[in-house]
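Single chain ahead, by itself, as structure tokens, in the form predicted alone.
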Amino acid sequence: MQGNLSAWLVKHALIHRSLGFDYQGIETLLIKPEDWHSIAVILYVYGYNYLRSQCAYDVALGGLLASVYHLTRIEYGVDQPEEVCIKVFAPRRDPRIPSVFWVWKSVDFQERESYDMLGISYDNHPRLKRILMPESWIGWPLRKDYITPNFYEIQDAH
């Protein structure tokens, strides 16, 4: 099933794949990493001026990693803003996705967290470094193939 945004992208020959609608009726689109930055700019110009959230997850053990963007088209006088969910999949060996920091500045810490927890590199991000884990940490804690280190941090009990 194709939504309004997917139909508009098809009309303008922009490569994507419709994944249907989620339980809230929000259209979900799959965009290839190499097309993501240009489509992000187009979506911003089209009116998706608010990045509500960005997250990432490990699709399957040994499989792809996904970066998910929830965009909203906010306009004055509109009670029900238009929303879209964009999924960008990257290979586990070298997960690289263009950063959309220069389109939506609010993605700064969210892309950093996805890098820190899953190891997805966001190309052209101005400060891509760990945000939750120490810089010396080895590995990506939210990957399904992550092996927990064999130590425990000693903490004060009071």
Partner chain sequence: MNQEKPMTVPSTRKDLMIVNMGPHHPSMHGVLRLIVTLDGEDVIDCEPILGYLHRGMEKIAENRTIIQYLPYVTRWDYLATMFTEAITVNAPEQLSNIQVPKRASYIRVIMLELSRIASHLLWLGPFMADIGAQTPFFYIFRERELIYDLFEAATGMRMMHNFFRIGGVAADLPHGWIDKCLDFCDYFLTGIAEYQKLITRNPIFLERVEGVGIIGGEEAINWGLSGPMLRASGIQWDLRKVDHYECYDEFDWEVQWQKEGDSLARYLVRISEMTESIKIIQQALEGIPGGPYENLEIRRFDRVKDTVWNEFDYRFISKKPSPTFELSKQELYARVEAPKGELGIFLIGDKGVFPWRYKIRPPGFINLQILPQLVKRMKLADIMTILGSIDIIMGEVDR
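This structure is a prediction, so every number in the text was calculated from the model and none was measured. Positions refer to the first chain, counted from 1.
There is another form of this protein, the form predicted together with its partner chain, and it is not shown here; the text below is about that form.
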**OP:** Kindly confirm or deny that D35, I39 and S121 each have some heavy atom within 4.5 angstroms of its partner chain in the predicted bound form.
**Re:** no
**OP:** Evaluate V107 for contact with its partner chain in the predicted bound form, applying a 4.5 angstroms cut-off between non-hydrogen atoms, and reply yes or no.
**Re:** yes
Subject >> Contact of L65 with its partner chain in the predicted bound form (heavy atom, 4.5 Å) >> reply: no
**OP:** Would you please decide whether Q54 lies within 4.5 angstroms of its partner chain in the predicted bound form, comparing each non-hydrogen atom pair?
**Re:** yes
Original post:
Any chance L128 has a heavy atom within 4.5 Å of its partner chain in the predicted bound form?
Top reply: no
Original post:
So which residues in 124-149, when you check its partner chain in the predicted bound form, have a heavy atom no farther than 4.5 Å from it?
Top reply: K129, I131, L132, M133, P141, L142, R143, K144, Y146
